[in-house]
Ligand SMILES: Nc1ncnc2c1ncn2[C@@H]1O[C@H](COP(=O)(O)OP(=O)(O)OP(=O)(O)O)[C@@H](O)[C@H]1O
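This document starts with one chain, in the form predicted alone, laid out as structure tokens.
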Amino acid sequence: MSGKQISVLLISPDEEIYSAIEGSLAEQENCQFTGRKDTVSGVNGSAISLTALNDVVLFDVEEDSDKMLETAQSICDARMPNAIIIALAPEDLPLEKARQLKKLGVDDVLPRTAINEEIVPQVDAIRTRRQAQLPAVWGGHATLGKVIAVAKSRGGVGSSLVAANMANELQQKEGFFKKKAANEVAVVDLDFQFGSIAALMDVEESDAMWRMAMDESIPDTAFLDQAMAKAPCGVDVLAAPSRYGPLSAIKAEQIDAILDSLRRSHDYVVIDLPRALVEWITPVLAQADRLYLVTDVAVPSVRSARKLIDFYHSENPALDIQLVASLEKKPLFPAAHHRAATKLLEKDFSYWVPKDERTVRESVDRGVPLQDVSNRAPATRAIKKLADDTRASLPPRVNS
């Protein structure tokens, strides 16, 4: 690419969009622009070959074309490693079609009418980040927040504690007093019946999700603005309902819509999953960039973890699952039961969260993060390392 740090390809018959993108990049150093004033089908197979040569690809969606999804799939399949694919669509594009595009691998779907409000700033943000030589591991979702699911092999292993404290650490607070957060983080408690995130993060329980389920409504930004509470530590919390309700009341499309919205507004979305395997977990597994499975090393827990891994991979074979050994510090030399566990799971434990009754009890009783109780406590340091590694391998949004 002639030594260029970033190359941008635009395929669109819209003269206004073409001129705006070309103009915004014309004066930028180390940036190469390639444009085709035509539809994807109009440039035939050359669109696919051009896609494979560029860091950022913007293409105009032909909504009336029967081959819209097929074309989008071909472009996504041809992308170069870490490339960003952005679809430019009519403002009234049905939400279902936008979701289909994203499931195929399109990183973002932007309205054609928002040229100066969204399209140009988005391209400029990507260019700025790449040229600043910030982390290149974009995971295919550089313009969207990362979804991190936390699951448990059984009740009582501390998965909610891990989710809540990881969410707090992912904020990456800066400054002398560690008050300013570098990243926007949300945590969603999907343990619909027995969720404890609200208590752990000192926010009120909310019946918003219960009402959403009963009304069978599709949540939007306005719903989340009202339903979410800001925890004292700075994390946005969508709490589980204060009343019991049937797990089957929630629909997959409702969860999908919540994740779609939060990924646009937050750098990280931490999902605390229930142990129950219900239908609406599917969109979480489909959108998750990583899943942490928290378990102890007792035989029943390990067997349960094995079944969960098989189920999660049956739903999403590419899902990155990492094991967290709870209530036990990492041994210098693995004991026989540790070796037996990793053999059954066919996977090593990535992290160990040691038993730390005093720190955990004070944290839970006060509704504050472990960090606020003791930043040197074993459990605090273990979860901080997990969060630090997560940030390093799954960087925040380009436009954050």
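Small disclaimer: the values here were computed from a predicted structure and weren't measured. Position 1 is the first residue in the sequence shown; the rest follow in order.
Below, we turn to the form predicted together with the ligand, even though it does not appear here.
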message = Exactly one residue in Met68, Cys31, Val360, Leu345 has a non-hydrogen atom within 4.5 Å of the ligand in the predicted complex; which is it?
response = Val360
task = Using heavy atoms only and a 4.5 Å cut-off, determine which of Leu327, Leu259, Leu224, Cys76 is in contact with the ligand in the predicted complex.
result = Leu327
task = Examine Pro90 and determine whether its closest non-hydrogen atom to the ligand in the predicted complex is within 4.5 angstroms.
result = no
message = in the predicted complex, is there a heavy atom of the ligand that lies within 4.5 Å of any heavy atom of Arg264, even though the partner is absent here?
response = no
query = For Lys152, is any heavy atom within 4.5 Å of the ligand in the predicted complex, or not?
reply = yes
query = Would Asn168 count as a contact of the ligand in the predicted complex, using a 4.5 angstroms cut-off between non-hydrogen atoms?
reply = no
task = Quick one: find which of 285 to 293, 102 to 110, 309 to 317, 160 to 168 has residues within 4.5 Å of the ligand in the predicted complex by heavy atom distance.
result = 160 to 168
message = Residue by residue through 341 to 377, which ones have a non-hydrogen atom no more than 4.5 angstroms from the ligand in the predicted complex?
response = Val353, Pro354, Lys355, Asp356, Glu357, Val360, Val364
